[in-house]
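To begin, one chain is listed below as structure tokens, in the form predicted on its own.
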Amino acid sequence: MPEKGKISPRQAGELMFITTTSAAILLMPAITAEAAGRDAWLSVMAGTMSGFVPLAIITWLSSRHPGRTLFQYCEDILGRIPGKAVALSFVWFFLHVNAIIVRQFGDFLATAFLPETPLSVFNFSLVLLAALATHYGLETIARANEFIILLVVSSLLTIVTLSVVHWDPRTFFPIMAEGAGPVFRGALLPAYFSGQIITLAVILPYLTRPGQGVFSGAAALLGTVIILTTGVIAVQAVFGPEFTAAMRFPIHLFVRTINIGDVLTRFEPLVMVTWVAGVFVKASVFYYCAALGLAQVFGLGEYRPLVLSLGVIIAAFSITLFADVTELTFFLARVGPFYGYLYSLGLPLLLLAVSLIRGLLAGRQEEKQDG
């Protein structure tokens, strides 16, 4: 078996929380505010809650195929050739999304902190760190995340709490003045990020108690709803929906507004460290899923020899996929959600439907034989 490590359901939930939260918090306030205006917080709440649908599907499929990852039960359900084709498409998805994650990382640091540094320096550094974590396995990633999740959550809650003195509640009223349409459009991106709970379908067999995976995923999604909704509320309460929508990285400018008695100021480095740590874990999870998936599709006994080659592909894609941060933002706002739904909802629904049909036909055949 390519992976022999085990993690607890709590560690799995923490990994899913960071996976669905870390990259989202950076761009989501601006994109949702552009689509939904003052109702952006409702969009984030509704979109993130939609992640419970793919969670229910993948945990049900996992219960029907215990000890098998997403890549393995694709073949069990669809047959050898179609199953391998679908499994390989999931490998591509994890690789492609990881390249987008790395690009977000590089664009943020290059734009907000070190504009004179080449983008490749940031991207290659993150890929190298994620490759190292992937090489050491799932247990290593999960244990590193136990510290990182404390840093991420405590830092975000501290920043939001210190900003309360600048909040203007009038920016949220009237609620849904233009109906549900803007709320729905604004929910597309949060739904895309919450749909990345699909990574749990790869990790579930390596839980010490796989039956508790659904609770781990549910806790992660609830935590994501709370953190992302609170973050969007805080940014909008300070800047208003129009100014929030006009900014590229609202969280970065939001932190600059915190000034407590001219003593507690300049929290930007804290945001950078927190966000870099969270994105590192997310990139490692997607990297691991891609490497493990490729090994299982081709029946390899070990995934580690693939890590370096996949890292080269991820690094190259992260540089060439988008011309600039504007093109990246456009992809995430307009194209990314529908692309993500194909893998977080469309293909899992296909697997669910085929599995149910095959189970029904098998049951009828047994009844005929018994008769």
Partner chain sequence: MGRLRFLLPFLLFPLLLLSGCWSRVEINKLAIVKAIAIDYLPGRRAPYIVTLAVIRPAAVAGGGDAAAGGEGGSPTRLFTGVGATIDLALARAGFNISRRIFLSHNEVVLLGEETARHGLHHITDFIIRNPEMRLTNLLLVVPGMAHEILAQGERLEAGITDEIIGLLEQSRETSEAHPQETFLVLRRLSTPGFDPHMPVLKLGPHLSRVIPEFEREKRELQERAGGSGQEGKNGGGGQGGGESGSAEAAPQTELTLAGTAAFCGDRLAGYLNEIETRGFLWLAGEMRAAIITISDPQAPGEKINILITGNITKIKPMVKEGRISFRVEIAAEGDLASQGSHTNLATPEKISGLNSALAGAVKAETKKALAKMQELGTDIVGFGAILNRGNHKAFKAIGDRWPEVFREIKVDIHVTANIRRTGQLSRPVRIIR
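Positions refer to the first chain, counted from 1. Everything numeric in this text was worked out from a predicted model, so none of it was measured.
The discussion below concerns the form predicted in complex with the partner chain, not included here.
- At the 4.5 Å threshold, heavy atoms of V238 reach the partner chain in the predicted bound form.
- Mapping the unseen interface onto this chain, E178 counts among the residues with a heavy atom inside 4.5 Å of the partner chain in the predicted bound form.
- In the predicted bound form, the partner chain sits within 4.5 Å of a heavy atom belonging to R170.
- Contact check for G301: no non-hydrogen atom falls within 4.5 Å of the partner chain in the predicted bound form.
- Residues of just one listed stretch (290-298, 67-75, 170-178, 203-211) have heavy atoms within 4.5 Å of the partner chain in the predicted bound form: 170-178.
- The contact with the partner chain in the predicted bound form, taken as any heavy atom within 4.5 Å, belongs to T257 out of S154, S120, T257, T161.
- None of I233, V276, A144, L253 but one reaches within 4.5 angstroms of the partner chain in the predicted bound form through a heavy atom, and that residue is L253.
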